[in-house]
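Okay, so we've got a single protein chain in two different forms coming up as C-alpha cells, structure 1 first and structure 2 after it.
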Structure 1
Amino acid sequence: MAQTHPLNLPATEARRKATGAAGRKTLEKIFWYTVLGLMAVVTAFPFVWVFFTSFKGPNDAIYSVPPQLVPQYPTFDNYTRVWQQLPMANFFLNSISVAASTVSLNLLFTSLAAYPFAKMKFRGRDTIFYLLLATFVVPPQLSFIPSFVLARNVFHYYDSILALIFPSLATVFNIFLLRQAFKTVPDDLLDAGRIDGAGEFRIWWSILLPIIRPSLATAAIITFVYQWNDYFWPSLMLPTMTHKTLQVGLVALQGAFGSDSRGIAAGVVMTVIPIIIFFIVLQRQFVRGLTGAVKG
C-alpha cells in the first residue's frame, strides 16, 4: 500500500483535482440557489401571505406575536362575503370588456398607421412621426384634466367604460413597435403582392399582418396588462359602483371593508389571479415583448 506505482500518481492527482472542481461546482450551486431563493421570498412573500390571509377564519389571528401565516380554520367565507357585498361580477365583466375592446381596436388602428410609416413615402411622413414620438414625454396625467372635460361636456361618456376605451384606441408606443416590425418585412414581398394586383389594404391585411404576428402578440399583451391594471383614469371616470373596473372596485372594497383584512385579502387575490394565470400561460411572449421593446 505504501508502494505507489509512479504511474498512478498523476491519475490520482487529476482525480483529486476533478473532485475538487466538482465540489466547488456544488458549492457554487448551493450559493446561487440560496441567493435566488432569498430573492424569491422577497418578491413572492406578500402574495403568499395575502393568499393565506384570504382563507383565514374568524378564529385565525391576523395580528399576533409571533405571526400566524397558515390558517388553522380555512374557509371560503371571505370570498362569498366579498362577492355578496360588492358587484364583483360587474367588476370582472367591465375589466374584461375594456381590455378586450381596447386591445382589438388599438391593434387595428395602430397597425394601420404603422404601415405607411414603415413602407410608404409621402409628404409630411417624418414630421408626423417625430411629432408622435415627442408625445412620449408628455406625462399622461397632464391630459387627464382636459380629457375629463371632454368626457363630461363633449363626448358624454362620463361614468361609462366607453370613457376608458376611446382614449386608448391608439397609442404611440404600439405604432412605434409595429412600425419596427413592418420594416423587417422585405419589400419584394409587397411588390409581389402588387404584381398580383393586390391593393394596399389587401397587402396590409394578407401579407404584412400574418408575418408580424409575434409583434402583434407583444403589443396585445402590453396593452392588455396596462388596461387591466390601470387605475388613475378609470377612478376618475367611474363613480357608479356597478360601472367600476376591478382595480377601481378593489379600492372601493378596501374602503367598504375597513378593518376586515380577510375580506380585503380575498379581493386582492381575485384581482391578481387572472393576470398571473395570463402571465404564466404567455410567459415566453411576455419576455420577448420586453426585450423587443428595448431594441426598438
Structure 2
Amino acid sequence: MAQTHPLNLPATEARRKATGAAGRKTLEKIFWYTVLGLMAVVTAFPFVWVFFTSFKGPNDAIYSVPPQLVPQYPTFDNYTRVWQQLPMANFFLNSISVAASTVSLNLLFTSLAAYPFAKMKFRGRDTIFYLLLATFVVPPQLSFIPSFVLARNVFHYYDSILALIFPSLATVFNIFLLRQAFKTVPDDLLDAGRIDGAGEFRIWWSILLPIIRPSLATAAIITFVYQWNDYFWPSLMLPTMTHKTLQVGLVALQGAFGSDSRGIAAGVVMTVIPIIIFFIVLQRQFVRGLTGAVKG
C-alpha cells in the first residue's frame, strides 16, 4: 500500500487550502452577481415596462393578468400623436438649449473657482471653501421665493430660458468635485509651466483641464441630468407653453392625455432617452472622475 511521504504533506495541505479559497471566491462572485442582477432587474423593470407600453396599439392590454409586457401589435402612432398635438419640438429645443448652456458655463465657472481653492495659497482660502460647503445645509426650497422675486423684479428674465441658466452658472458640488481633482495633479507640473513663462490662466487651461477630463465629464453628467430633470423652477419661471422645457411639458402631456397611458408612456420615453445617450457616451469618464475625486 502506497504511503504519502511526510515531505508532501505541506504541499498537499497548501493545494487543499488554495482550492477551498478559490471555491469560496467563486461562491462570493456568484452571490454578488446574483444580488446585482436582481437589483438591476428591479431598477430597470419600470422603464422597460414604460418603453414597451409606448409601442402598444389599441388592441394591446396595458393592465392584465398575467401582465403583457411585449406588445402584440407594435406601433409608432403614440409617438406621432404626442408629437403632433403638443409642441414637443419646442420642449426639446428649450431643454437642450438650457442643458447645453448650463453644462458649458457651469464647467467654466466652477473649474475657475476650484483652481485657486486647490492650487493657490491666499488668506482665508479654507474658510471660504468650507463656508461654501456649508450652503449644502440650507434646503434649496428656501431660496425659491427670493430667487423668484429677483428674477422677476430685478433681473427681468421671467418667462425666458435665461431664468434657468443664470441660477445654475456655478454649483458648490462641482466646485468641490473639481477641487479634489485639481489636488491630485502634482505641483511640479504647475511649477514647470511657470518656469516656461505660463500664467495662471494658461496653466489652468493647458495643463490642469486636460488632466482632469474624467472629473469634468462627471461634473457634466451630474449637471446635465439635474438640469434636464428639473421641474419646479422651470414650471415657476416659464408660464408660456412654447417656452416650457420637456419636463414641464410632460405634465401638460398628462393633462392632454389623462386617460391615454400609451401617449404618456411615449412622452416619458422621449424624455429619458437623451439622458441615457448622454450617460452612455461619457460613462467611462464618469467612473474615472468619481474615482479620482474620492482619491483626492
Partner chain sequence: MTKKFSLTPYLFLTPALLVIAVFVLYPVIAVVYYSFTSYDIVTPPSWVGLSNYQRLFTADPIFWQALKNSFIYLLVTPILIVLCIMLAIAVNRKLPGINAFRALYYIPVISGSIAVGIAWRMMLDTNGLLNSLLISIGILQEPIQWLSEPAYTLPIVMLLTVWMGLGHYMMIFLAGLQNIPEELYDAARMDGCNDFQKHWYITFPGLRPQITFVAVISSLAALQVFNEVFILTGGLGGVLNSGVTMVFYLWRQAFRLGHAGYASAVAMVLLVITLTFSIMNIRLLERGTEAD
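In this text, rigid core is short for the largest set of C-alphas that superpose within 1.5 Å between two forms. All values derive from a computational prediction rather than experimental measurement. Counting starts at 1 with the first residue of structure 1 and goes up one by one along its sequence.
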For this session: Only one of these is the form predicted together with its partner chain, so let me know which.
Result: 1
Exercise. Superposing on the rigid core, is the CA of Ala40 displaced by 2 Å or more between structures 1 and 2?
Worked result: yes
Exercise. With both forms fit on the core, is the shift of the CA atom of Met241 between structures 1 and 2 2 Å or larger?
Worked result: no
Problem set entry | Threshold 2 Å Cα movement between structures 1 and 2 at Pro71, rigid core reference | yes
Seminar exercise, completed: After superposing on the rigid core, the Cα of Glu28 moves between structures 1 and 2 by an amount in angstrom of 8.4
